[in-house]
Ligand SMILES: C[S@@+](CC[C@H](N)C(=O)[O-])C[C@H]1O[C@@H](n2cnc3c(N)ncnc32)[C@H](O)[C@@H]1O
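Given next, in structure tokens, is a single chain: the form predicted on its own.
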Amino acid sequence: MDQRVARAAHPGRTASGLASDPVTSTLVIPLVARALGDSVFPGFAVGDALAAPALEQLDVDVGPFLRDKASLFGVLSRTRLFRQLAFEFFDRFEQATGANLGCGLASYFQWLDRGTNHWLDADVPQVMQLRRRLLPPPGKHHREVAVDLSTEGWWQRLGLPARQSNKPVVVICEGVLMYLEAREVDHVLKEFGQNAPAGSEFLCDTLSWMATGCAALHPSVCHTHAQFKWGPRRMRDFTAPHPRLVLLSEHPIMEAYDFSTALAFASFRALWGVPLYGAVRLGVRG
């Protein structure tokens, strides 16, 4: 066993002890994956320099999460995908802004900081307090803001560029939408569609509607007592909340895990018309 894994896998609090509600406590799952998953899946390593020090400060039993190899892989694969898509976005718009909504303890700007672009990390107040305790303070071109995505007007409260500006924004929203009610998901997507400048992109992961109500069966999420509340029944569910929204691309996350997983996920997508678990990239019309 990797020495860092051995040090971290000690008995302690469950993930639900990290925050006052189950959903925010799910942030420990990607944190464990980014801190310790590189040695489990070296071919999908992300090299997160901030995750391991943050994890070491938490009194949490990571053993159950380390045993869930599929989730470890999924977080690493998802991180690499969103990082690459955001990197390509900043290739096109070098001075643009990126935002991570529901950021948890993720630190994408460590990879995406080019010195000319800007970054915003946003989450509910209790999570932002935890970030301030566990992670280094934001540097130049980097802001952190507490926000509730279920409230109207969060785009303006975050100080993101207005729709009429020529400053596109790339938004990452990972591990968030599946924990929201359908009306809340519609609100988040509508807010992006209504306010984002032309050229902006919204990157999110998606879990099928068939998983709603079944979080207790997930080998990692079950330890947080959170629940899956939303999943698309058809791909147009992503664009229906606002007429400016357009589906730019769809991306697999788990298919490289092993052959049987690739076959199962591809078969599910072909049969039901939505991914069992995957990622989508949305844009806005001018």
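Model, not experiment: these values are computed from the prediction. We number the residues from 1 along the sequence you see.
What follows is about the form predicted in complex with the named molecule, which we do not show.
Undergrad: Within 4.5 Å of the named molecule in the predicted complex, counting heavy atoms only, one of 158-166, 206-214, 172-180, 87-95 shows up; tell me which.
TA: Of the options given, it is 172-180.
Undergrad: Check 26, 104 and 150: does every one of them have a heavy atom within 4.5 Å of the named molecule in the predicted complex?
TA: Verified in the predicted complex; spot residues all in contact, yes.
Undergrad: Is residue 124 near the named molecule? Define near as a heavy atom within 4.5 Å, in the predicted complex.
TA: Answer yes; at least one heavy atom of residue 124 falls within 4.5 Å of the named molecule in the predicted complex.
Undergrad: Answer for residue 37 alone: is it within 4.5 Å of the named molecule in the predicted complex, judged on heavy atom distances?
TA: Judged by the heavy-atom cut-off of 4.5 Å, residue 37 is well away from the named molecule in the predicted complex.
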